[in-house]
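Just the one chain here, the form predicted alone, laid out as structure tokens.
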């Protein structure tokens, strides 16, 4: 059973891409200082959703999970966006290193010159780690490593679809174990480089985990949305209420996990009241108060209260709506992570921000749906296919 990428759906994606292109072009011509952070935000956010899907797929192999075999193709399709998202992000970072924007304050050479009035002793002290060549080398290692692992998984998946192959599955399990080790390190260090270094004077030992929790629950929500979309199209007949329930439980659990990290990071900094730490939250509470508080509602209170009931996780329409709220909520969380350090109090939420987000969403949808249409949705030769078909909780 195959998915057909209809011309109507394709045209919707292309229309959203056109909106994004026009928004970026118009933004760069009218207010580039506002547009660059929006490009960084969306490049990172959608790339991270693809990475989160790859991580979740690797966890299924490493844990020898049988239930997820029926929803493996949505995971693969979402992960297939990773190389494209990586290209957008890498281009943005390279242009930043060429001083075409001011996303990363620490890239200013004057900060390291003791004869300059702009000399910053704190930033200069971090120059062993925060320097452009090493920054770009690390970026290549992160993105290149993730893409190589993705390609290896996809090759093994293609072999898997050719016939029942236990040795290939065991090989995939070993690959997953290596990926998880690589991911455990790079998911945190990349967050330090790309996001936390925007506020160069500030640091948090929880930031890597916090960033991971945000993009992972977004990836879980996207997997759920794609699965429900395919079910609505009359596809994935082997996916039953129990699979959807499990996806809903993951959305619920990692929304709580994200909140735990949010509270831990905020509470410890607030309680210790150290000047170089509290400035991070003071700036956000002073200039981004509404969206700062809204994030906590969208990313915790709403999914927690709605998904607490068993029936909510089996209500397809309700779960679809919750997934949309969670994805938008974590997009806005990334907004608050990036904008205060780049545009300060001069932030906007207008046609540039909305248009860029819609453009990336359209491109993301185009790549994911094209991937779904390229291969059969059912993988009956998966070693756990029968277990997944009869999954019941």
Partner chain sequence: MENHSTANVRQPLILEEKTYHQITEDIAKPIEGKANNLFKVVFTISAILALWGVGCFAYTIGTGIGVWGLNKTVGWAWDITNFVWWVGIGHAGTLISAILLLFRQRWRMSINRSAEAMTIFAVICAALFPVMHMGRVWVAYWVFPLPNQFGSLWANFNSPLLWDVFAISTYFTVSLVFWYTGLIPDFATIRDRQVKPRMRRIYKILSFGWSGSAKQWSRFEEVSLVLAGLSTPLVLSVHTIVSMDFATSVIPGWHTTIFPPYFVAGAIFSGFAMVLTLLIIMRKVLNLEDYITVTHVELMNKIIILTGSIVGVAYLTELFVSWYSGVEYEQYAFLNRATGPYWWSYWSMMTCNVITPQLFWFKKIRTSLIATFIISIFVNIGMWFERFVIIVTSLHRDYLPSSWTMFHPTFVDVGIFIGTIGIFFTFFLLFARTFPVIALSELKTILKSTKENPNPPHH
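Numbering follows the first chain given and starts at 1. The model shown is predicted, which means the values in this text are computed figures rather than measured ones.
FYI, the form predicted in complex with its partner chain isn't displayed, but the following is about it.
Colleague: Might residue 277 be said to contact its partner chain in the predicted bound form, defining contact as any heavy atom within 4.5 Å?
Modeller: Taking the distances in the predicted bound form, the answer for residue 277 is yes, it comes within 4.5 Å of its partner chain.
Colleague: Is there a heavy atom of residue 246 lying 4.5 Å or less from a heavy atom of its partner chain in the predicted bound form?
Modeller: Yes, residue 246 sits close enough to its partner chain in the predicted bound form that at least one of its heavy atoms falls within 4.5 Å.
Colleague: How about residue 196 - does it come within 4.5 Å of its partner chain in the predicted bound form, if we only consider non-hydrogen atoms?
Modeller: Yes - in the predicted bound form, heavy atoms of residue 196 and its partner chain come within 4.5 Å of each other.
Colleague: Does any part of residue 268 reach within 4.5 Å of its partner chain in the predicted bound form? Heavy atoms only, please.
Modeller: Answer yes; at least one heavy atom of residue 268 falls within 4.5 Å of its partner chain in the predicted bound form.
Colleague: Of these, 149-157, 294-302, 247-255, 75-83, which stretch puts a heavy atom within 4.5 angstroms of its partner chain in the predicted bound form?
Modeller: Among the candidates, contact is made by 247-255.
Colleague: Are all three residues 220, 283 and 370 in contact with its partner chain in the predicted bound form, where contact means a non-hydrogen atom within 4.5 Å?
Modeller: No: none of 220, 283 and 370 comes within 4.5 Å of its partner chain in the predicted bound form.
Colleague: Which one of 200, 312, 92, 259 is close to its partner chain in the predicted bound form, taking close to mean a heavy atom within 4.5 Å?
Modeller: If I apply the 4.5 Å criterion carefully, the residue I get is 200.
Colleague: Of the residues 209, 104, 288, 229, which one places a heavy atom within 4.5 Å of its partner chain in the predicted bound form?
Modeller: Looking at 209, 104, 288, 229 one by one, just 209 meets the 4.5 Å heavy-atom criterion.
Colleague: For the stretch 355-393, I need every residue with any heavy atom inside 4.5 Å of its partner chain in the predicted bound form, listed N to C.
Modeller: Residues within 4.5 Å: 383, 384, 386, 387, 390, 391, 392, 393.
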